[in-house]
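The chain below stands alone and is given as structure tokens, in the form predicted alone.
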Amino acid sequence: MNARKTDAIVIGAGWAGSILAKELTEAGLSVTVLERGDDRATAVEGDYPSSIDELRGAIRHRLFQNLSQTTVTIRNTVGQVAVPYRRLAAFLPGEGVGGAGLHWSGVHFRVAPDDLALRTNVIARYGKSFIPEGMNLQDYDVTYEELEPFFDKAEKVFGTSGEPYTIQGKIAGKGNPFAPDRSDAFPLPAMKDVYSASLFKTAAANVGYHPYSLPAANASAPYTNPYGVQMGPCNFCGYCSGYDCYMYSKASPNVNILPSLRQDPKFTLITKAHVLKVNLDSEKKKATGVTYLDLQTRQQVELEADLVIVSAFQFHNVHLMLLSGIGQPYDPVANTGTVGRNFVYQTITTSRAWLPSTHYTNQFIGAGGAGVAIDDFNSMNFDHGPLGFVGGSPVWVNQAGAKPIAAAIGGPGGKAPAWGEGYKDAMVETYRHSLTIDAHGSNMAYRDVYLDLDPTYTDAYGQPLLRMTFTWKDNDIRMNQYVVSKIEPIMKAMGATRYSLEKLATDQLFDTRRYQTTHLGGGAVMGADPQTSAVNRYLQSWDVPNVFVIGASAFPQGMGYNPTGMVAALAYWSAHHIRTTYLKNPGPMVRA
């Protein structure tokens, strides 16, 4: 065991970890970032044309987690035996410097303010009895007004493209009328609408909805961010999700933060370092550092620090807390403990419309964050009272670029033949003349949906795997079915020759074999009550105050929006309070 010391340890080199490392080095701390995967730089990983090799990228998953070394086990219900997730499909966690922030699409939302106090808002409008039995609805214990400066900061770092609706209370553009007020404009104008998105925008407006161009962390023009790093304009090549952007157009930790951070002598990056546990003192009230496995030498290393930031992917955060004994593990039977509680995901279904043969949708063109959406059925923007469910969905055309293999594997859809000449003709028609519309919805938290340590399976390092108990619940299924029904009028207004509406089926179980999103959340949620939250409003552990747990693991329930914008804002929010409060007087910033 080689003993070493640093001021702060950051676990994970994705968005949250990179933000915290940058903020803490600016505060004068020596910071060591531990990353399990390889080092990655866009100049190497984004080298053209190898970077847009679909077989290497999307099929062989070169940027994603190696499930042969560590994974999760999954079951639908408490009575089942969980089995390991061995093939990447339902969700795609990243691995290596940049994490999931390297392979994401780039959709960059803020948050619906109502979602931050969802329990309070639902009770105020519909009464406590409206919340279904077993649903763990909670508030974040932070307001949009408190987070707004940090959303603004993140957008400027990311080089986000978008059009506002209001700035400082005054109408400033044709953006989302349901969006909260902003203190400043987006750093870049909105991305251009591709043909399918423009058709959707016109049709949705004609139906009476309120379409707007998606906020995208894809640069619509050349840009230099506050850290002095540069982005090039997006060329709509379509290789965003699952790829590192060879144009330096898609925001990533590798493009937007690390080039500046790497120049700071107080910053140290150690790759191929698998953290086994956060080390605690004898009273388990203070972290003394971490123990990690050097994957090159296979030696365990102990690194000491005064401050530990757990900022890996959502379920890795929860897994490490459970392995380290930070906080009380959640028990769904006794309804006690907090670590593993309120695990959430997202509901997403993709419907397709076929247009007349004169309409070429050019699906090979696209950008991961670009598109057109409506928020009429998201969050609390509509009356849930007669409908009897909590939550909602944005609806959008997000044409991110259809690749050849994916288009062939996906097939033509609808009622086309499964093989032969008819199959080929239908596939060509689908590729040339159709478009997809997503209902990208929330997922509520439930008492019997949670994360814990698996009693049977271990990883390559001899530690218990994390067990995921999850399936769709009636509330979320009915929400999805309702929102999807609102897509049909838009398709008709587009002049679709035919369409297929895809929605969750009643009593449908979660199926790991088909992609949903990589937007997992909860398990180490933030809140005002240490009996129901693992971290306080500053994402500081209630039990071990020199440990901060940053990421979507803090979300008390799933939201309709993509999580990255919220993760970044919370990272900057937490870092600000570490710098201005915690470092001056280390200890709990909120008293239990």
Partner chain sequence: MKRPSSTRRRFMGGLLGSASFWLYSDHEVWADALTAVDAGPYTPRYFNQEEWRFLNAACERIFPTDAHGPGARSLGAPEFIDRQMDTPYGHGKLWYMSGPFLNAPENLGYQLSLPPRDIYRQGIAAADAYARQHHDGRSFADLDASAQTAVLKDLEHSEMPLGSVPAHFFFEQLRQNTLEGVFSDPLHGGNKGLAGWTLLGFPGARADFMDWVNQQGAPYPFGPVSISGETA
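If you're wondering where the values come from, they're calculated on a predicted model, not measured in any experiment. Residue numbers count along the first chain shown, from 1.
One more form of this protein should be noted, the form predicted together with its partner chain, which is absent from this view; the next part is about it.
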Segment assignment from 375-383, 422-430, 487-495, 114-122: heavy atom within 4.5 Å of its partner chain in the predicted complex: 422-430
Just to be sure I understand the contacts: of 465, 322, 207, 137, which is the one whose heavy atoms reach within 4.5 angstroms of its partner chain in the predicted complex? 465
Contact residue in the predicted complex, from 292, 248, 150, 446 (heavy atom within 4.5 Å of its partner chain): 248
Spell out, yes or no, whether the shortest heavy atom distance between residue 28 and its partner chain in the predicted complex is within 4.5 Å. no
Against its partner chain in the predicted complex, would residue 326 count as a contact residue? Criterion: heavy atoms within 4.5 Å. no
Under a 4.5 Å heavy atom criterion, is residue 66 part of the interface with its partner chain in the predicted complex? yes
Distance check, residue 71 to its partner chain in the predicted complex, heavy atom within 4.5 Å: yes
Heavy atom within 4.5 Å of its partner chain in the predicted complex: which residues of 54-85 qualify? 55, 56, 59, 60, 66, 67, 68, 71, 74, 75, 76, 80, 81, 83, 84, 85
